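Take a look at this single chain, the form predicted on its own, given in structure tokens.
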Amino acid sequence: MRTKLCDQFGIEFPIFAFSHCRDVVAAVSKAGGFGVLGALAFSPEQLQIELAWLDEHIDGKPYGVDIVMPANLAEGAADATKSQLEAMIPQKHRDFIESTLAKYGVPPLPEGVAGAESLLGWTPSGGHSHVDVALKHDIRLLVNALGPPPPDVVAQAHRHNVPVAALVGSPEQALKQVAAGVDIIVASGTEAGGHTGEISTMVLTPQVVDAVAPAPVLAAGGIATGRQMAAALALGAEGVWTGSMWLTVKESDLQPAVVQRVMHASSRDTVRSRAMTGKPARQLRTPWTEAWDGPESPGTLPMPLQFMATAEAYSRMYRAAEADPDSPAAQLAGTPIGQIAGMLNSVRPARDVIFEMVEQYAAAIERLDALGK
């Protein structure tokens, strides 16, 4: 199983794990994989706290940081202030959000309780702030989603001897990333959770491997077992990029009510919807996603306006789910998740998940060896 990325990063297994939870990142890296912390959910100040914690608790193991610097934003958004961006949100969208929440009995936030920060790293300035914070720590990889990272970010990372990875959904996107100086390509199939394209992992991975050789490629999308990891390496990948499978591990900070919904979901219970960010992102199908795709929807807004418009609504949904997991309001609360939702039916330590994947991989290789004799 040892690939050149294992040698490059000093890891035992080529299993890269994306998570917004620092405990998951630390657990995966300490188990021999490579944890990657999603920075989008944090302000620069909070990201500093999270990375300082990782530096102290990861036992010297390598880890990375994932940022989001979208290549395409709403017209005029790149240089706009937060108040200017908020002014771009039409009243009909605000009214639709409130009417949908009212339909399911989602109460407003209590007085004095703030909702989720609505801007964070969606703009160039926010993304650059996350990069500045990340590179002050002993990170071993910087990852960018949603388009090629800006040239100055690639150069900044390389000055710190930090390689850059990026997610793609097509061979054409992969070639643009390599041309931008990206070192590692993550071929993300449509099965994946979060922002994803339309090409399946099995089809996308070999196309990207061939397009960018000799640059290393990680296969992503619908991978949660050692058998799938063996298939990814057979397709030419140097490892796997995983995300959804860590939502239900013991270390995850996903709300318990949502964890239970995930564990009862099938692989057909996810949908690629623009409801969360304005770009197609695979997530758990809920009445909220259905409302945005329904006939009464005013249509979603371009980045970063859609998330800004809905950020407080998500805070209210999650708060309602925590208060009463069986309430109609709680049914709105979902999460970005891939089609492997149908395979996530237990809560186990991340270390056990890693070791099971390795055992399954070994069994798959032995089976293939036997077939060739």
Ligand SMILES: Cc1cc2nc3c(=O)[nH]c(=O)nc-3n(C[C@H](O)[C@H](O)[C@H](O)COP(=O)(O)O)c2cc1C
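Just so it is clear, the model here is predicted, and its values are computed rather than measured. The first residue of the sequence shown is number 1, and the count goes up from there.
This next part talks about the form predicted together with the ligand, which is not shown.
Student: The ligand isn't shown here, but in the predicted bound form, which of 332-340, 55-63, 27-35, 303-311 has heavy atoms within 4.5 Å of it?
Tutor: Stretch with heavy atoms near the partner: 332-340.
Student: Flag residue 22 as yes or no: does it have a non-hydrogen atom within 4.5 angstroms of any non-hydrogen atom of the ligand in the predicted bound form?
Tutor: No, residue 22 sits far enough from the ligand in the predicted bound form that none of its heavy atoms falls within 4.5 Å.
Student: Look up in the predicted bound form whether residue 145 has a non-hydrogen atom within 4.5 angstroms of the ligand, and give yes or no.
Tutor: So residue 145 counts as contacting the ligand.
Student: Even though the ligand is not shown here, does residue 127 get within 4.5 Å of it in the predicted bound form, heavy atoms only?
Tutor: Residue-level check for residue 127: no, no contact with the ligand.
Student: Is residue 18 close enough to touch the ligand in the predicted bound form, meaning at least one heavy atom pair within 4.5 Å?
Tutor: Looking in the predicted bound form, residue contacts with the ligand include residue 18, since a heavy atom lies within 4.5 Å.
Student: Sort through 278, 216, 226, 194 and report the residue having a heavy atom within 4.5 Å of the ligand in the predicted bound form.
Tutor: Selected residue: 194.
Student: Which one, 270, 242, 177, 205, lies within 4.5 Å of the ligand in the predicted bound form by heavy atoms?
Tutor: It is 242 that has a heavy atom within 4.5 Å of the partner.
Student: Can you name the residues of 217-239 that have a non-hydrogen atom within 4.5 angstroms of the ligand in the predicted bound form?
Tutor: Heavy-atom contacts within 4.5 Å come from 220, 221, 222, 223.
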